[in-house]
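Encoded as structure tokens, the following chain is the form predicted alone, with no partner shown.
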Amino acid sequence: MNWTKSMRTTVTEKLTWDNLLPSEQPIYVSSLVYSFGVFTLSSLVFTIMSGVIMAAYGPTWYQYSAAGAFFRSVHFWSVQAFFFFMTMHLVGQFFMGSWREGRAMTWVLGALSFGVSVITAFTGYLSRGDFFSQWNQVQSKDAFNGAGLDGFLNILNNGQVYGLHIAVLPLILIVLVGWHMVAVRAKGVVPPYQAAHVQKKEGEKR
């Protein structure tokens, strides 16, 4: 079997319409802890949409016009909401052991998304152009040099940092989040420990 046929067979078996767009969910999914992932995704959509609009019109627009200031505020608060809900999602899923029953890749993709989000937010903070971002830009340059990363990224190069923030890092984040969502849909949400124990007992009786 060649790799294209193997991939096509795997996708057909794992990503059925019932998995991608389920019409019913277990009762425990109505718990708040299962909603943090949706809140995180919603905040990410607002962050990306406001960021695209700001990037399209440029820094002069969002620094000096009322409409630009509005979208800059939307972008800022969307990022705050994104990190709040993502942290709640991460902590909640950690204590639920979301890597159980073959979901290790789902967990790894979520953790990688968190890491890339932090770096993306950092480059966004440095792109603000005010005194605080410039001061942190100079300070972080020493940290990057100390870590041996100065050969890959010149943190004082605003064009390089801005390009990473509006193009490279968001694309990586979108791919990781999309992959994470497909993995969630393929494996299903992880049940609480108690529900998993009951399901296991019922399976043994059959």
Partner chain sequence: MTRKAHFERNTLRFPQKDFDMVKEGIVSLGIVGVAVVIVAAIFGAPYRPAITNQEIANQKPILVMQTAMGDLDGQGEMAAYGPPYNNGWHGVAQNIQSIGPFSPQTWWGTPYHLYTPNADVITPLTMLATASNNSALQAAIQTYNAASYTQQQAWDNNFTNALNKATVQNGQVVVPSGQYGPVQLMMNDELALAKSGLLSGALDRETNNGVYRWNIQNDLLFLQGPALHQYAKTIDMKGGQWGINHDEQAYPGPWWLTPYTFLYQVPPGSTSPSGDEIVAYTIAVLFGLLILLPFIPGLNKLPRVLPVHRAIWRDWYKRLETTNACASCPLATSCNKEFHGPMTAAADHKIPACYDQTTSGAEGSRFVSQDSGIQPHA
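Only a predicted model underlies this, so the values are computations on that prediction, with no experimental measurement involved. Numbering follows the first chain given and starts at 1.
The following text describes the form predicted together with its partner chain, which does not appear among the structures shown.
- Taking non-hydrogen atoms only, H89 never approaches its partner chain to within 4.5 angstroms in the model of the complex.
- By the criterion of a heavy atom within 4.5 Å, A143 is counted among the residues contacting its partner chain in the model of the complex.
- Using a 4.5 Å cutoff between non-hydrogen atoms, A56 does not count as a contact of its partner chain in the model of the complex.
- When contacts are judged by a 4.5 Å heavy atom cut-off, T4 does not count as touching its partner chain in the model of the complex.
- Not one of A67, T123 and G178 comes within 4.5 Å of its partner chain in the model of the complex, counting any heavy atom.
- Residues of 42 to 77 that come within 4.5 Å of its partner chain in the model of the complex, judged by any heavy atom, are S42, S43, V45, F46, P59, Q63, F70, R72, S73, V74, F76, W77 in sequence order.
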